[in-house]
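First comes one chain, alone, set out as structure tokens in the form predicted on its own.
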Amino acid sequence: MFTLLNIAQPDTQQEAYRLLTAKKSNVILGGCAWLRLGSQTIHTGVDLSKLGLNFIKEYDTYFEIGAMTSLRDIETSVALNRWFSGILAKSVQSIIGVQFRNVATVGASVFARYGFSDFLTALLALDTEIELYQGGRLTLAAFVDMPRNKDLLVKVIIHKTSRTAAYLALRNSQSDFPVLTVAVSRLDGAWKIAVGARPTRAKLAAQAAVLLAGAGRDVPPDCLRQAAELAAEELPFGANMRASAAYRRLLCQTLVQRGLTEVTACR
């Protein structure tokens, strides 16, 4: 359990960023769901509740999701889940329970780039950008590869496309962290294959996507299998208490092939 010495509720993003960067041990507070996993001492916790960042806004060509939006809001959003084959709801609905998903926030899931994040894996397979207070707007794929620094995630932007998608994950038990997560999507001939819980942060399998790009709309089963094998070869895997690296690599082949098959079946 963490120790919190002070708490602040700023009224502006500028003040929140000033407080965050005032001391090394100051942190942003979302629902505090993940902070409970550590035992750090926090000088000042910065609560963003007054910044109006709890929203899902739909525009003609994109969605905006505020950093303080809960994973439960993602799961139950009718507007959001009419798109992308509903993979955003699928990605969060197995995370522990409803009470937990009511406090876990989009901002924490995305900004912290937790390796176990189901939601981050699903977002990575879509056309997603993020907006940081200091760092501005950038693609999620670029952000995932950046080193950690102190900034304030304002919102997530998902572009509306006719992208079809599939999400799969394997857990040792229903409420546990995932052993592996996979999200696959296709827009015309362009594929995205995201693999998370390796156990590090989610990453795109770029070479496997290139292999599929030249296969046309009706991708032969052999090509799907080859792409799944290539995804498992090009990505690094590690071991933890839930699975070995070798097991994750084999599991990656299976889940990616299932995801690709599911997407190719969509018309």
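The numbering used is simple: start at 1 and walk along the sequence shown. Quick caveat: nothing in here was measured; it's all calculated off a predicted structure.
Here the subject shifts to the form predicted in complex with a small molecule, a form of this protein not shown in this document.
Taking non-hydrogen atoms only, D176 approaches the small molecule to within 4.5 angstroms in the predicted bound form. Taking non-hydrogen atoms only, C32 approaches the small molecule to within 4.5 angstroms in the predicted bound form.
Although the partner is absent here, E129 lies well away from the small molecule in the predicted bound form, with no heavy atom inside 4.5 Å.
When contacts are judged by a 4.5 Å heavy atom cut-off, L37 counts as touching the small molecule in the predicted bound form. The listed set M146, V103, L138, A190 contains one residue whose heavy atoms approach the small molecule in the predicted bound form to within 4.5 Å, identified as V103.
Among the residues A122, I95, I74, L180, the one placing a heavy atom within 4.5 Å of the small molecule in the predicted bound form is I95. Annotated contact segment (heavy atom within 4.5 Å of the small molecule in the predicted bound form): 64-72, selected among 64-72, 231-239, 214-222, 201-209.
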